[in-house]
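Next comes just one chain, in structure tokens: the form predicted on its own.
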């Protein structure tokens, strides 16, 4: 690994609030999208001539559409409860990475154009015009927010900085200032069906190769079907699961679970991607276009259930938005949504998380498990932000915290949680979510991972933990990249269904 060009934070036994370092991250600017990338997803190819007017008009449009956006901009009293809750501020010390200050970048412009005091007495209320310098700060700092929503847990008014970040990014896109990483991926998924741009034949070859690997390893023929009409279950999983370590180990785990339960299932080449980066840029039409591929696939294949794999923001979009976006679950009322609602089996949640599915099978004793197969692992669990603070799981309050941990305990003998203030709804972000998982933001990612690395370090020292399980593709990719900066082995990272895969005892199925 090449030596970093920035100082890596030191792990401390007791986490401390850093000294404020003004503009410490002002030099960070992720690569901007080129004109073809922008135009492919419906945005201007470059900064429009009348960008200030267009940006203010877009802000007005969002204020009219989303009542929460206006409430959040009006409600903040600068109490400071959020200042030390953001992992990026804790890792960088830059005051603009305090949630309240990051919000203020757009709130000051909102005051200037949409409040009486800001229009006539701007200096008295901290109102600002939207200058090019302010616009550049929006781009810099709204891509130093992973939209993890941790700050909202501690805000006495419940202000959700993620929604403000999403609005800021949508305004930027609307005037021709988009991020290369997110918008290029959005183009791939809309054009091909997955974030990686894998064409159908490549996907077929990959799945056939995995089938051969599983049979060579276990002696059992386990299928990974693609475009199988009439299957009971459509599995929608992040495209990283198809080829990348350790993600692929979870895909193998899903396949073994379906095989052993005797449940027919399929993947779809048309909708081979659970991830939906439309959430990251706050554009609901883009979110809907991506989700429509899943509805189309479900209708075409005639499945009775839709299950989502290990991906944090994919599950949040599925759980919180699919119903009203495309009618997966009660919500939309167009003819195709109604057709899908009639097609899906009402005995099961729509959609359902793979952990809910596996947990039910384990509870009912459908799966044969040898927990000792994981005895080489001492496991902890990382709660992913979008699962923890943007969704639920199962039919119990807090199921999104309970179910993954219970699965781990059912398939492994050695489990230790990290400190209570760093897990569940207070979990620290991996540092790479929300459109930050790109190498041009590696300094942001490494520094943003500091709080989680400190929490992990405690259980490593106290309990000899050597495996951190999670149910998010972005978390897996982020930790694989940044853990070596802190002296941890990247092999410590893996999925919950990787543990299931190790412990499950297979028998041939017809």
Partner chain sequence: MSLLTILYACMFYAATAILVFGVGYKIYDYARTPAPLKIPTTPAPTTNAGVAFRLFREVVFFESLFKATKWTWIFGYLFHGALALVLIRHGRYFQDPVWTLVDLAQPFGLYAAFAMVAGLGGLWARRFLVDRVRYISTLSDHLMLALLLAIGLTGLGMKFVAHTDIVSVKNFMQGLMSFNIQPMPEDPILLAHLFLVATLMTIFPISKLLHAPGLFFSPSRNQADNPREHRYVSAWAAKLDQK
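Small disclaimer: the values here were computed from a predicted structure and weren't measured. Positions refer to the first chain, counted from 1.
The following text describes the form predicted in complex with the partner chain, which does not appear among the structures shown.
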{"property": "Options 427-435, 182-190, 232-240, 88-96; stretch whose heavy atom lies within 4.5 Å of the partner chain in the predicted complex", "result": "88-96"}
{"property": "Residue 364: touches the partner chain in the predicted complex, heavy atom cutoff 4.5 angstroms", "result": "no"}
{"property": "Close approach of residue 58 to the partner chain in the predicted complex, 4.5 Å, heavy atom", "result": "no"}
{"property": "Residue 68: touches the partner chain in the predicted complex, heavy atom cutoff 4.5 angstroms", "result": "yes"}
{"property": "Close approach of residue 154 to the partner chain in the predicted complex, 4.5 Å, heavy atom", "result": "yes"}
{"property": "Interface residue in the predicted complex among 275, 176, 390, 246, criterion: non-hydrogen atom within 4.5 angstroms of the partner chain", "result": "390"}
{"property": "Heavy atom within 4.5 Å of the partner chain in the predicted complex - the one residue of 142, 381, 401, 265 that qualifies", "result": "401"}
{"property": "Within 284-320, the residues that have a heavy atom no more than 4.5 Å from the partner chain in the predicted complex", "result": "284, 285, 287, 288, 315, 316, 319, 320"}
